[in-house]
Structure formats: structure tokens, C-alpha cells
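Heads up, the chain below is alone and in the form predicted alone; it's given as C-alpha cells.
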Amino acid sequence: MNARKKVEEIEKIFQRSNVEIADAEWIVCEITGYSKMCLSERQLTEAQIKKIDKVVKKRLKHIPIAQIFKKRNFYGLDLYINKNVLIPRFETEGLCELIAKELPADILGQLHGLDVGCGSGAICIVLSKLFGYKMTAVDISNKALKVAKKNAKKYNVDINYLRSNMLSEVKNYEFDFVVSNPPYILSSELKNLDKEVVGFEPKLALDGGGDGLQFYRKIIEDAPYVLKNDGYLFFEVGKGMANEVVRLMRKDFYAIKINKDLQGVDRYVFGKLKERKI
């Protein structure tokens, strides 16, 4: 098979599959090992074509690409991903940026943060590896914690992982900040999600209860017992939820703000604790 025929074969694979262009480029680049700019006719081998065809068939079953390749790039780090954790979203990178903006970069690791519902470990690993914060992270799922620990080991970051239902097992700590991207999809809306989300990502990481605010209430209620005075609470929130999360925070937090994501959606809510509870 000459170079031209190889290219034609690739084109046929994608034409008959109706795979989106962005997905197609990702698949080809991942399998060939070349960037999009470096792809050319002579860089496609028969073995690569077979691999591409195999991946496309999986994609047609709505399996997310991140799960097919078992990885997701988050804030420049390639994190291991499997079916037991939520695939990190681009919006959550903005949550990490917000924390780094509001708090000083901490080379000595003197600022201690808690990541509630850490999943793959994306948030806590970025905050530890790239910004120097000392991190503790919790999740109710042992399978998710296994993924998070694998990612922490890959990037040589020392994170204290605890199995905990929200903050129930977090005791005798005084954190400078708490961060969470909890499940916020309304239970009634789960069935309306894309097939690749509802069919292949853990319901535990998606279902936010009847109004999507179940976990925000619990974290807001418990955070004052583990935060220092004037400690920060940072949230990523679902579309249309920011004002309600602000309302829930007003009892125990002040200087509460809403920040937008790059699409202009009110995506991040944060504030400072009035007074630590004991």
C-alpha cells in the first residue's frame, strides 16, 4: 500500500464512521505519535491504520476517547483515567487557575489545601505539582483513590489521600483552603446526558441529588470545622447554580465572589470563612 492509498484508507475510516474532526485528529495523532502539524502521507503505516480503525470502532460505541487511551491532559499533565473516575474537564483547569490567583504560590508548601471528591486527583495534583501547595484529598470511592494515587506517584507529589464521605473522616486538620468540584447534575437530568457521559462515567461522580446542590450543602456545612479563620472555600458549580451556592455560603462565609469560565458561564464561587467552628 503506497502513501496515497494509506491516506485514502484513513479518510474512508472516518467518512464511514462520522467521527468528529477533532476526535479524528486526536486519534491519529495519539496513535502515530506526531503532532497535528507533523502528520503527512509517509508517516502512516498499515499497523497504524489498523489501530486507528480499532479505536474508531470503540468511539462509535460512544466510549470517550480519554477512556479508550486511558489518559487525559489536564493543565499540561497527562493523567491516567479509567471508568472509575470522572474525566477532568477543561473548565476545572480554570478552578486551579483561580486558586493560584487568589492565593500566593507556595514553594515551601506552607499553605495546606483539601480537595473534596478528588476523583482522578486532577485538582490536587496540579495544585501540588505546579503551585507548591501541601494537599490532602478525599474521595468516597476506593477505586477513584487508586487512580489518584497512581497519578500522584507518576508526578512524584506527596498527597495525603483519605477515604471519606465528603468531610466525615477529616478530623484534627486546619486547612488554609478547601476546594471541590462535586457532582452537580440533577438526578432527573442524568438520563438526558450524552451517551458517552451517562454510559461510561461513574454515576457517583455525576449525581448531585434532586436539585444538584446536595454536596454543596454538606461541604458548606462542614468546611467551617476544618478551615482556619479567613480560610478559603472554592467551588466549581453547574450552569445556573452560582447564585444559589452564594446564598448557601452567606451564613458562614464573607467576601463571596462569582467568576466566569472562558465561555462566560458563572462557573466558580469562592469566599472566606468568618470564624472557625470547633
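Quick caveat: nothing in here was measured; it's all calculated off a predicted structure. Residue numbers run from 1 along the displayed sequence.
From this point on, the text means the form predicted in complex with a small molecule, which you will not see here.
- In summary, among the residues Cys118, Val126, Met135, Val178, the only one with a non-hydrogen atom within 4.5 Å of the small molecule in the predicted complex is Cys118.
- Of the residues Ile99, Leu111, Leu145, Ala205, just one reaches the small molecule in the predicted complex with a heavy atom at 4.5 Å or closer; this is Ala205.
- Contact between Thr92 and the small molecule in the predicted complex is found at the 4.5 Å heavy atom cutoff.
- By the criterion of a heavy atom within 4.5 Å, Leu86 is counted among the residues contacting the small molecule in the predicted complex.
- The chain is drawn here without the small molecule; in the predicted complex, the stretch among 148 to 156, 163 to 171, 126 to 134, 178 to 186 whose residues come within 4.5 Å of it by any heavy atom is 178 to 186.
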